[in-house]
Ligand SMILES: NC(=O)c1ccc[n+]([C@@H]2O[C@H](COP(=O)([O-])OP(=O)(O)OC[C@H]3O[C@@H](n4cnc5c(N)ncnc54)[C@H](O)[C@@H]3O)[C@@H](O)[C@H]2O)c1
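Just the one chain here, laid out as structure tokens, in the form predicted on its own.
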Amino acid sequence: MDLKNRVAIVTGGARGIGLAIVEDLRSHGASVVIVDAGVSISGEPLEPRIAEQVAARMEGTAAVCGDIAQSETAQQAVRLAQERFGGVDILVNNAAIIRDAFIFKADPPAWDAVLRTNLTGAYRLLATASPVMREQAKSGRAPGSIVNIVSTAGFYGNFGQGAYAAAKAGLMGLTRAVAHDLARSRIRCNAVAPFAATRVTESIKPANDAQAAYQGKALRVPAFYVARLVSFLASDAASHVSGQLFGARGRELFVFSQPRPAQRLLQPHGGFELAAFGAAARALEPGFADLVTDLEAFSGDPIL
């Protein structure tokens, strides 16, 4: 867990889970570039210089105040990490906004904004930093680590969260692809689904009693446990771990299964006649996933 001489870039690192991650990485010796646009949870301008304010009071950090979905911001972050601290070893894609709406009340600009920040922003940083990380590994520097902060909404779903869930599911797919792309360089890429008190949790509008219970309990969960998991994944102790999906909910630590065939059915040549398809497909029903939201699935008491 010694991260001395390692350099991290953390997006959305000035508040909430991102700030907890920055603090834990620093506590283990890493230098950190904090990237934060200082926007509200819906992406509106709020505190545009907050990254600089956080960096000013935390030794071993530097700040980029900008939108990570812009190529220039990603380039600035990587350049600052190299010039100020000597390289790039750890990426944490944490920046996210949320603009909820039922699909039948969809707002296309809101969809674009969420996908742009939550998914394209991660892509920008990965595309900019990964060539640097590969060259460092070739020249003998210890291989680096990437952690993408996803959400259980991406694989359970939730009411009105089409854009947010799609972006987070896309980020999980990107995690797997990047883990393959960088495997030869021994750079690993993992995803973490966090459970903690955040602005996202505060913004939940419960649709039923189970979701209200989830929100009330989630607001008691400190972000520290998520941050410590990220620090572990960034360390050499996790050098054998890549392409995995983890979760941290207070003291509970998860590794999630990932979609694989759950049931198999062999069709006759030419396929089933439509009239017979329903009866035949019932053989697949034991593999069906329950249609529950992530808030309902994790509405039980967290272990603190």
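What you see is a predicted model, and the numbers here were worked out from it, not measured in a lab. Quick note: we count residues from 1 along the sequence shown, nothing fancier.
The next section is about a form of this same protein that is not shown, the form predicted together with the named molecule.
Among the residues Thr175, Ser145, Ser231, Ser151, the one placing a heavy atom within 4.5 Å of the named molecule in the model of the complex is Ser151.
Checking Ala96, Ala74, Ala227, Ala163 for any heavy atom within 4.5 Å of the named molecule in the model of the complex turns up a single hit: Ala96. Within this chain, Ile9 is remote from the site of the named molecule in the model of the complex, having no heavy atom within 4.5 Å. The named molecule in the model of the complex is not approached by Val32, whose heavy atoms all lie more than 4.5 angstroms from it. The named molecule is not shown here, but in the model of the complex it comes within 4.5 Å of a heavy atom of Thr198.
Although the partner is absent here, Gly247 sits far enough away that none of its heavy atoms falls within 4.5 Å of the named molecule in the model of the complex. With the named molecule left out of view, the stretch that reaches within 4.5 Å of it through heavy atoms in the model of the complex is, among 96-104, 175-183, 83-91, 126-134, 96-104. Annotation: in the model of the complex, residues Glu23, Ala55 and Val78 none come within 4.5 Å of the named molecule through any heavy atom. Looking at 114-136, the one residue that comes within 4.5 Å of the named molecule in the model of the complex, counting any heavy atom, is Thr117.
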